[in-house]
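Take a look at this single chain, the form predicted on its own, given in C-alpha cells.
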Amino acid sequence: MNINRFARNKQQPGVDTGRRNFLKVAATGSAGFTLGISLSAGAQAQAQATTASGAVNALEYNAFVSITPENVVRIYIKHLEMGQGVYTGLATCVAEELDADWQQIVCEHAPVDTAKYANLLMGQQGTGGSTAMANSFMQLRRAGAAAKAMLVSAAAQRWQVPIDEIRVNEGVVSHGSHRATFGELAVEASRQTPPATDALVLKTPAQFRLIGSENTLRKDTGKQDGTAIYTQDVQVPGMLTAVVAHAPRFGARVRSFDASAALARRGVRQVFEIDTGIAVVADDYWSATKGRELLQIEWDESSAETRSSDTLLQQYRNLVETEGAIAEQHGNAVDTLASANDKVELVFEFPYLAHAQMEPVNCVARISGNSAELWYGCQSATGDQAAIAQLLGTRPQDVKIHTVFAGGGFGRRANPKADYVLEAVNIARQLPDTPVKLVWSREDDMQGGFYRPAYAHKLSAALDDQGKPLAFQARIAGQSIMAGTSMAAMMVNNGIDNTSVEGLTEFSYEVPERQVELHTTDVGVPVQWWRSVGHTHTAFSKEVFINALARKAGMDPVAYRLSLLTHNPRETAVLKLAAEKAGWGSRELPAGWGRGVAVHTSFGSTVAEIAEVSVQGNNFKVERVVAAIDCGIAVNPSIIRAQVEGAIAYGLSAALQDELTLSEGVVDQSNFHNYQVLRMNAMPVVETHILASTNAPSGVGEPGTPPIAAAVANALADATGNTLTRLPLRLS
C-alpha cells in the first residue's frame, strides 16, 4: 500500500486527525469551512468557522458531525469498526435526523478523547459488550438533529422566512422556490448557535426514513476492492517490522539467548530482550520471522504453568462437587435439594477457546521523546492510551492513536492488559523516532495469546410431581477474567467475578428457590472475554439442563419453557416467534433428524434459536437454524441479520469443533489446520426474524452466540435420546 492510498483514508502520518479545532479550512484550495456539532451534556455549544483570512467565531464541541462546502457530511465514529457494521449503524442515526442524502455520508474513526467520545455505558472510550448502538443511538440522533437545526436556522436567515416553514429532505433545504444543499449553507450554518439538547425535536418511529430500512448500504466500504485500511496495510516512511519469540509455556522467562545467527541474517536490524520475550526487528516481516527462527533461547520455566488441560478440568469437576462462594441466593435451595425425592443433576465441561479472529493482532508504534503515535484497530482506546502513557511515564494526551479497521475482534483486541500494544511500544521505544510494525502470526496468537477460560458446571434441580423445578443450584469452577484488571473493582464483588456466573444468576425461568456458587481457580493461562463472555458457557448448561427436565417430565421442550416463563413476556414472545417460524409442532422432519430449542437473554437482547440436525451413526450435521431476536428498534435490519448469522456461525464453531488444549502447559493447537474453525460446508441455512419493537436498541453483536450450542445439543438429544453435556459436541 502506498502512502497516497493511506491518505485517502484520512490517516496519513503527519496529518492531524485529532480535530482539536472542529472547523478547519485549508490555506489554499476549496476546503473552506466545516460545520461542527457539539452536544455537551447540559450546555449549549457554540459555532466556529475558520476562514483562509483567519476570521474565527468560537466553537466548543463534542465532535460527531461536520459538513463541508463540498456537501460532504462526515461522521466521527467513536467505536471500532471490526465488521459488526457500526459505521453504518451510527451513520444511519445521524443521517435520519439530519435528513441527509445517504450518498453524501462519509464515516471516520474518532480520535482518542475520552472526555468527548466515552462509551456512555462504560465511562471510557471503547467498543465491547454489544454497546455501540445501545449507548450511541440517542447521542448520534441528537447530533444529526442539532446539525439540521443549524442548517434550517441559516436558511431562514438567508431567505428571511419562518423556520417552521422550511423543509429538509435528502440533503436539500427548501422553502417555496428556494433550495440549497447542506454544503451551500455550511458557512452560514456554522455561525448559528446550536440548540440545547432539551430543545431538539427528534423524529417518531413512524417518521423514520432510514432507521429500519432494508435498503441502507453499508459505510464500512473498501473491503471488496482492497482499499480498506487495516493495520497490516499501514505503511509509514522508514518503518521496520518486528516479531517476538514468546515462551512456549505461560509464565516462563528468558534465562539466556544467543542472537548471533539471527543478526547475521540479511534484513535483520536488531535483536533484544523485552518483558515478554525476544524481539527481532527487521526490514520486513519475512526477514524478521526468519531471524526469529535462528534464535537460540534458554527459558526459565520455574514459574511456568505446566498443567495439562485434562488435569485442570478434572480439578474443576472435583471442585463443583463441593460448596463454593455464593453468587446469588433465593430461599433455601440446598435444603430443598437435600430432601428431594426427585431430582436431576448434570455436570458440564467447557474447554479453553481461542478468539481465532481473521486478522491476528498487530500494531504500528513510533516513540519520539515523551510522545507516542500508534496506528492499529484500537478497541479499548482509553485503556490502551492510559497503559501506554504509564509505560512511557508520560501523559495520556501525549499518546496519539489512529484507529483503522480491524479484521475481527471477538474480544481479543480489547485486551485488559493492552498486551500486544504495550509490546509494540516496548519495542519501538528502543528505536526512537522510528516507526515499528509489530506483527503476531496466527501461531503467535493461538499459542501465546489470551483465551476464553475452561469451565466446569454442576446443575441440580429438585422437581415437583409435575416435573417442574422447586429448587435450582448451580456450581461453577473456572478462572476469573476480571481479576487483576482495571475492571475488577466494578465486576468482582466479594470475590465473585460477575462474568463467571452471568446467565445463571438472574435466572430467567421461574424457580422458587435458587442458589449459584462459584469456585474461582488460579491458573497461569492468560484469559479474557470471548464473544458473549460468560454467556458462552452459562447459556449452554442452563438450556441443556432445562431441556433435560422437559424430557424427563414428558413435556414438549417449548411448552415446558413457556410454562416457566409466565412472568417473562420478552422471552415468551421471542420463543413463540422462533417456534412459529420454524414450524415447531407442525412441520415434520425427515427420518434421522432432530429439532432442538434454546432461548437466552444477554447484552439487553433476547434470542431464541431452533436447530435442526441430521444424524447418521456417530456423525451429524446442523441443517437449519431459525432465530428470533428482540433487540429493540432495528436500526439496520440487514446488519442485524448478518450479525445474528455471524454469531451463530461463531457459536457453532465452538459447538462442533473448537477446543484449545494444553499438554504440560504447552498449547497443542497452532493454526486453522488443528484449531478447526467452522468451514463453509458446515454452515447451515439460517433464518433470522426480528421482533418488532419501539424500545431503544440493545445489543446485537453477541446475543446470537450463546443459544446455538444448546439448541444443537437439544436437537441431538431429540434425535438420539442422549443429553450431551460437554463442548465440543461428540456422539461417540
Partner chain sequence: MPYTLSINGQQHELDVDGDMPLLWAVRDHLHFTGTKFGCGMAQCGACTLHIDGVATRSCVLPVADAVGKAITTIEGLGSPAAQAVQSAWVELQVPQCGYCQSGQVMSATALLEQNDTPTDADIDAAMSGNICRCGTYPRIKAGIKMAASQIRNAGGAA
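Remember, predicted model here, so these are calculated numbers, not experimental data. Residue numbers count along the first chain shown, from 1.
Not on display, but discussed next: the form predicted together with the partner chain.
Peer 1: Among the candidate stretches 66-74, 659-667, 690-698, 677-685, which one is within 4.5 Å of the partner chain in the predicted complex when only heavy atoms are counted?
Peer 2: Only one stretch qualifies here: 677-685.
Peer 1: Give a yes or no on whether every one of A228, H355 and H673 sits within 4.5 angstroms of the partner chain in the predicted complex by heavy atom.
Peer 2: Yes: each residue has a heavy atom within 4.5 Å of the partner.
Peer 1: Within 4.5 Å of the partner chain in the predicted complex, heavy atoms considered, which of R191, K290, K343, R624?
Peer 2: So the residue touching the partner chain in the predicted complex, by this definition, is K290.
Peer 1: With the partner chain left out of view, choose which of V533, M82, I105, L185 has a non-hydrogen atom within 4.5 angstroms of it in the predicted complex.
Peer 2: Checking each option against the partner chain in the predicted complex, the one that comes within 4.5 Å is M82.
Peer 1: Under a 4.5 Å heavy atom criterion, is F208 part of the interface with the partner chain in the predicted complex?
Peer 2: Outside the cut-off, so no.
Peer 1: Is Q235 near the partner chain? Define near as a heavy atom within 4.5 Å, in the predicted complex.
Peer 2: Taking the distances in the predicted complex, the answer for Q235 is yes, it comes within 4.5 Å of the partner chain.
Peer 1: For E502, is any heavy atom within 4.5 Å of the partner chain in the predicted complex, or not?
Peer 2: No, E502 stays farther than 4.5 Å from the partner chain in the predicted complex.
Peer 1: Might W286 be said to contact the partner chain in the predicted complex, defining contact as any heavy atom within 4.5 Å?
Peer 2: Result yes; W286 sits at the interface with the partner chain in the predicted complex.
Peer 1: Pick out the residues of 90-115 whose heavy atoms come within 4.5 Å of the partner chain in the predicted complex.
Peer 2: The stretch 90-115, when checked against the partner chain in the predicted complex, contributes no residue at the 4.5 Å heavy-atom cut-off.
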